[in-house]
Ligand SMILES: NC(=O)c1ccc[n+]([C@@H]2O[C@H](COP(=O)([O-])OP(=O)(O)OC[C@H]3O[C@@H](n4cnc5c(N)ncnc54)[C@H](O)[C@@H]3O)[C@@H](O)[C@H]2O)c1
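Take a look at this single chain in structure tokens; it is the form predicted on its own.
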């Protein structure tokens, strides 16, 4: 099925690794023009180089509002911003009582404030075009107050992402901009391999009706669909991609 994404300009935050990289590569396969945004300049440049086809990278800390504004203005000056995928995020684990007092600021500065900085910076261009697709990476921890890996603080930031997605869909619909979220369960990535022992992985698998963890393409395939005009009448939703965990 042709998703008609050829030459659409897509910005992917957190695109230097993990889900962001997977989403960027799936968009590239649909012939989007890509910007890889990541705090790690080398990782962003490496992904951009491996994708090729004119893919560009930009090193940016999305928690810095002024830096985000400058970066998006520079990108917009070179053309359009059709698609924004907010995949950058940080994980927090452990019990709230045991966490340092600044843990909320650390996590929310990226997972929540950083996402909002990027959306606000993309809006002038999207409104001028009267077209835009915004895709936020949330988590099923938003519905569970945390989860198998993330804790209460992490879950709270992701619940806020879902609420922000719904509110922005209502605000931006008249501007021709859709806003949706994807809520993965645990995805089999390098990060989760580092965090989970084999016993923890087996315990998690017993709670997944489909009997496996998600792989990055499970999320990136949905992101590509949401970015396309095939999803032009879908906005304000958070789609769980969890193998059925929320049914248990």
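Fair warning: this is a prediction, and the values are worked out from it, not measured in the lab. Residue numbers count along the first chain shown, from 1.
Another form exists, predicted together with the named molecule; not displayed. Remarks below refer to it.
inquiry  = Please determine whether each residue of 143, 156 and 248 possesses a non-hydrogen atom within 4.5 angstroms of the named molecule in the model of the complex.
reply    = Judged in the model of the complex, none of 143, 156 and 248 sits within 4.5 Å of the named molecule.
query = Which of 162, 110, 172, 99 has a heavy atom within 4.5 Å of the named molecule in the model of the complex?
reply = Of the candidates 162, 110, 172, 99, 110 is the one lying within 4.5 Å of the named molecule in the model of the complex.
task = Identify which of 238, 231, 9, 17 has a heavy atom within 4.5 Å of the named molecule in the model of the complex; exactly one of them does.
result = The option sitting close enough to the partner is 17.
ask   = How about residue 69: is it within 4.5 Å of the named molecule in the model of the complex, going by heavy atoms?
value = No, residue 69 stays farther than 4.5 Å from the named molecule in the model of the complex.
message = Although the partner isn't part of this model, could you tell me whether residue 208 comes within 4.5 Å of the named molecule in the model of the complex, counting any heavy atom of the residue?
response = Because no heavy atom of residue 208 falls inside 4.5 Å of the named molecule in the model of the complex, the answer is no.
inquiry  = Residue-level question: is residue 218 within 4.5 Å of the named molecule in the model of the complex, judged on heavy atoms?
reply    = Flag for residue 218 set to no.
query = So in the model of the complex, does any heavy atom of residue 187 sit within 4.5 Å of the named molecule?
reply = Residue 187: yes, in contact with the named molecule in the model of the complex.
Candidate stretches 48-56, 179-187, 197-205, 25-33, one within 4.5 Å of the named molecule in the model of the complex by heavy atom = Going by heavy atoms within 4.5 Å, the stretch is 179-187.
task = May I ask you to list the residues of 63-85 that have any heavy atom within 4.5 angstroms of the named molecule in the model of the complex, in sequence order?
result = Contacting residue: only 63.
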